[in-house]
Structure formats: C-alpha cells, structure tokens
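Just the one chain here, laid out as structure tokens, in the form predicted alone.
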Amino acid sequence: MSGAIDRRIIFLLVLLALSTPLIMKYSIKPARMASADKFYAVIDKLQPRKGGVAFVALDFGPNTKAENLYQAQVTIEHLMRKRVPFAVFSLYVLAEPFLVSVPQEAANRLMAEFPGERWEYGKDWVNLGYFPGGFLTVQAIPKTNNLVEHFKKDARGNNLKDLPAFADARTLKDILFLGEFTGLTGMFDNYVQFFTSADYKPPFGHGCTSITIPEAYIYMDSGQLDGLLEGIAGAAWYSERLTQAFPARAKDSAEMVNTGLGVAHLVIIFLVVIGNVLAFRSGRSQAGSRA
C-alpha cells in the first residue's frame, strides 16, 4: 500500500526503545504496585532465628526469565539484606543454572556495596537443586519431621547437616517464608495445594508472568497468597522499594527493563496511529482518483 511504513523501520524503532534504557542505564520511577508492596512487607518483617530458613522456588527457564528472573533477583537480594538464610530449588529442570547464578550475583552486589561484609554459600544460602518429583516433592515437605534428613545433600553434594544455613531446619514451621516464581501452567498450584499443614502455612509470595496475573489475583483475594509480583512491573516496583530503603544500592536491571518496555509500548501506539493516518489518507487519495 502506498505510504506504508517499512517494517524494518518499525523493528528498528522497537529495538531502540527496548535497548536504549539498558545501554544508557536509564530508568524512570515505576508505578506503585500494591501487591508488590505486600510482598515487600512480608520479607521486611522476617527476622533470622535458629533453625529458620526461607524456601525460594525458581520454577522458570529461559522462556520466562524476562519477568521471573528479575522477580527472583529482588526477592533474594532482600532476604540477603535481612540476613535470613534461604534454600533455592526448582521443579523445572531448565532452572538449574539460575539456582547457581541468581544468589551468587546478589551476594556479589551486596559485597560490592558493603566491602566489609560477606555473604557466603552454606552460611547465607544453599542450593537444593532440581527435584524431578514435581508435586510429590512439595507434598512431602510438610510431612517430614526432619528437613535435613529429608533432603540430605545439597546440589554440590555437601551434607546439609554441615551447612549452617540449613543445619537446624526440622519441620514446616521452620520455613519462615516461601517464594515461588514461574510462568509454567499448573506449577504454582502445586504449592498452593501442598505446601501447608493443618496448623501452619508459611507466608507465601508468588512471582508470575503478565499473562497469568488475573489467575493469581484469585489467590490474593482468598488469602492463600500474602504478596504478588506482577510481571516485570512488580519486580521494578520492588526494586524501587529496595532503593528507597537502601539509597546506596546500585541500580539493577529491573527498572531499566520496565522503562524500556514502557517506551516500546508508546512507540507501538505511535506507529499504530501513524499507520492508520497513512491508510486513511491513502484511501481518500484512491477514492478521489476513481472519482
């Protein structure tokens, strides 16, 4: 059609909109997310205690890392800042690299911010690895009387009884918090149904992809979820809350990615408007020529 925008120009504009904030390390303040505020408040209230450990399930792979990865990063950073030891694990085999990289990168960031302090594997976190049992693994956790004996070893082959972060964990009541991040259909349901007992449910925070937000709200309304990170926007607001609390904190990627996404949406809206204007003018021109 005469006057149509070359698609290569469209691709280039969207690429620039997405990449420029990351390249320039630029971000704008994200919109406040009430459900992310609740998530933040849950972790902010946690206090380390003997035997207490948080569980963080990274049930995502490369397919949803654009949202789930940043959610996991800010959550793990917050747990480290609170000095609450935690265990990472996954029911999804493609998550294994993230079980290693996400906690270590968070520890490196904090040690750069606080040169005199250390965050160490085994003391501040452990990696339980990938569990192929799915819901059977989750179902077994509330039933055990000794979490150390139940899991026995970490992903590195260390005995959990020798790792301070996990050595005194015994029952479900020693799990101070459960965080779960996924974009996989049905994965989140495993934790809602089975990660609880008759007399105790750990505070539960969930990170979902944008497409599953409506489903997750049901669990927020019912009280089964205590906090929710809604896609990259939830991670960006959580990152902003951390920056407000810790002004010396280095800028992370969550807010920059969120900014890029917002700019890209504006570019697409602009292109839609321009495309319709060009189509309208072309139609008028063709009608005039026929007359």
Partner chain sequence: MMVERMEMLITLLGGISTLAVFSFLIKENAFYRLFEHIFIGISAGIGLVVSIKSFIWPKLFAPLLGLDIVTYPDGTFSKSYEPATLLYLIPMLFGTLFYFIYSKRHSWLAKLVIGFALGASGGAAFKGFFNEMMPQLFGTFKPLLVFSGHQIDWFESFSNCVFIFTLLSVMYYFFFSIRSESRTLGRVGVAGRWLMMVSFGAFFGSTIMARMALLVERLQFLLDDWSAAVAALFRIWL
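Residue numbers count along the first chain shown, from 1. Here the structure is a predicted model, which is why all the values come from computation and not from measurement.
Form predicted in complex with the partner chain: not shown, discussed below.
At a distance threshold of 4.5 angstroms between non-hydrogen atoms, Q244 is out of contact with the partner chain in the predicted bound form. With a 4.5 Å cutoff on heavy atoms, S253 counts as touching the partner chain in the predicted bound form. In the predicted bound form, the partner chain stays beyond 4.5 Å of every heavy atom belonging to Q47. Residue contact check for A264: one or more of its heavy atoms lie within 4.5 Å of the partner chain in the predicted bound form. Y70 is the sole member of Y70, Y40, F55, W237 with a non-hydrogen atom lying within 4.5 angstroms of the partner chain in the predicted bound form. Exactly one listed residue, out of E113, E120, E105, D189, brings a non-hydrogen atom to within 4.5 Å of the partner chain in the predicted bound form: D189.
Looking at the partner chain in the predicted bound form, residues V14, I23 and I213 each place a heavy atom within 4.5 Å of it. Residues placing heavy atoms within 4.5 Å of the partner chain in the predicted bound form fall in a single listed stretch, namely 215-223, out of 79-87, 170-178, 215-223, 105-113. Along 101-130, these residues reach a heavy atom to within 4.5 Å of the partner chain in the predicted bound form: L128, Y130.
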